[in-house]
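One chain comes next, on its own, written out as structure tokens in the form predicted on its own.
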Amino acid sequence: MHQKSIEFTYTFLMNDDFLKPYDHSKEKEIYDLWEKSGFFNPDNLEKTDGNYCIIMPPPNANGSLHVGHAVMVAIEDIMIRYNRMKGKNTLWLPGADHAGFETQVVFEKKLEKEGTSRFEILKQEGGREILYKKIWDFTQSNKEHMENQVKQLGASCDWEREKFTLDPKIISVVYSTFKKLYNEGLVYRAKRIVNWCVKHQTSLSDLEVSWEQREDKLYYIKYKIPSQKREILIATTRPETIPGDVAIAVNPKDKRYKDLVGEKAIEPITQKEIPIVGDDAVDIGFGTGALKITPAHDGVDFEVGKRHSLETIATLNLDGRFNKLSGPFEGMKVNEAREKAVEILQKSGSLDKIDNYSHQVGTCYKCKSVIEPMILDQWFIDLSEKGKKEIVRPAIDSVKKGKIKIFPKFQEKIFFHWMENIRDWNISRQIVWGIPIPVWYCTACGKETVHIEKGSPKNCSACGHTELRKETDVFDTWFSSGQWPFATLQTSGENDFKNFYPTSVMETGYDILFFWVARMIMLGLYVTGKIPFETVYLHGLVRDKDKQKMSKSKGNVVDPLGVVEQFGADALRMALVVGNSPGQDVIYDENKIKGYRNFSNKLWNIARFVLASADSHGFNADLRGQLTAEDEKLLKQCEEIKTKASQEIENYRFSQAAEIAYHYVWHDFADKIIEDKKKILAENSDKSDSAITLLYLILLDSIKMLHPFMPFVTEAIYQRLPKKDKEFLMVEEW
């Protein structure tokens, strides 16, 4: 065991301000001493009773923490402090996420305020490198600020092992995973329909698309069929894409259109001839039962087009403006082109009618721009057929067989539903900020070469040609963070992966069960052959007292550090934990925080009374041996309460554990036991020694029981005890 030499004295102890009310502004001094002690590092712990590890979900290094992060810190620190006191070799590994797309969005807003944009920077010579360096500096500044905020909340994590998702060693692990996937045929590049954000100029995964109910117009349009001198009616919300139509599809079983399959129709804007095809995927009962097929701009149409070997006409550019293939819409944005299309259709008599239509519209989850389906060359992880067997099924089985437990349990059904219906995962992003995809393309044969070593490959792996073009896309952040548990432990202490993997608990918000948790399970099992964690604990979102989701636009976002400065971290932590069940949203209520600030003062006053009484009556270091039978019974009741609190923590019922401790200390210890013993102490009877001993032992058990929840005030009290076994309460025996 290695232990650093340290002066175990608080500056506020020297001032003897134990006579004053508890001062939470001294919390930083306590944290600094914890950090200097070295006990956050499991290598410095005195003894071990098995290993316990939590990998902190890395907050995004693009801004300040919000109150949701405070929930995460509070819950994880409860588990860490409790297990450390239980004698386990306890590691809480912290980190920060470069948060690719999200960080670039935040940085672009900063650039807008400065009167420029990423597109302006990219026009400069060496623009990509300039932009990357600017975002790097931005995140490093935020990262340092964010770490200080985590410390203010009392997180007892091992900062010596801290990781960043862009650390060179982490990138090396990510590259090795990509190479393994590529070599085993589980990652591929192909032209596919992707979700394209016109504003941010990047593709998004299916999970990054927000679906919103919107009111639109449904346009019924007549397509002429010259050979039969009749028309077929098509309903669409997007008449502006008509120039990209390559066919009309009907169900071959539909009696209305059975004789039209194989005929030609005239698309009514550019007047080109398109075939009518039969496809079983067409819903006979939906709309008119006939669909316009525009493969370049609709996911369903793309699949129909593949089945019938139809051409693809991409009429919309990546910047959201129509090109020359759109005929009269060239240069227009979507809404302009829609108005023009309606005007043309009305003039030609092709517009039959317009109805109001309520439907789900896909939007970018960050800017709310309508997603444009686009056909692009992108990198995908195969999660169908072979990928289902190699990556998806082992993840499903790990939860089904109970190797990984999810709290709350109902989230398991949601997990299974999503995993059973999973689609190939688009892992390439058209942004600058992120981990570059390690691929080069041959300018001669077009074949890609995956190269994960430093520098560029000398020649094409297929034909030997020496002129290669580097991929400019970067990995989706969730691809790299999906490897976080094993990537961190493989690149930290020498035996960390051996000692701490699989980790004990992954604690995070229920809203990223699919974004992150499912992907960690899939990639962890695929790369290491082991589950990444044994338990998943999902906390809820933090809402205001009116149960509204917090957002900047509503003006109800709470800065947790402002609350800490006003009421103390202990009070905030208790307020966020009590009443918080796994998977349920947390209601933020300042009155509740004030109540727990009062409890901090109550606990402080209890300690002042007990220690002052011990001092005035002469404290006997030979403790338990002098208890009366009645006091033995009271002490046993206290120990039983602590056992109950322990059982609740073990079963992830942190709210119940906190309430048990709170009610015992306030209503049993303070209101009853102390009040009863005051009379005995006032009389200075032969029971005084037993009374003082009892009060001292219950105080010690009380601060142990409350320490995981309220670490600062309990440690401040512990340091004032005349008899203690350890330098710090955080390494005391539970």
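Note that residue numbering follows the sequence shown and begins at 1. The model shown is predicted, which means the values in this text are computed figures rather than measured ones.
FYI, the form predicted in complex with the RNA isn't displayed, but the following is about it.
Exactly one of the stretches 29-37, 51-59, 665-673, 696-704 approaches the RNA in the predicted bound form with heavy atoms within 4.5 Å, and it is 665-673.
Contact check for 117, 155 and 650: none of the three has a heavy atom within 4.5 Å of the RNA in the predicted bound form. Of the listed positions (469, 617, 306, 359), a single one reaches within 4.5 angstroms of the RNA by any non-hydrogen atom in the predicted bound form, namely 359. For the options 423, 324, 498, 169, the one in contact with the RNA in the predicted bound form, meaning a heavy atom within 4.5 Å, is 423. Contact check for residue 458: no non-hydrogen atom falls within 4.5 Å of the RNA in the predicted bound form. In the predicted bound form, at least one heavy atom of residue 410 sits within 4.5 Å of the RNA. The closest heavy atom approach of residue 93 to the RNA in the predicted bound form falls outside 4.5 Å.
At least one heavy atom of residue 289 is located within 4.5 Å of the RNA in the predicted bound form.
Along 699-719, a non-hydrogen atom within 4.5 Å of the RNA in the predicted bound form is carried by no residue at all.
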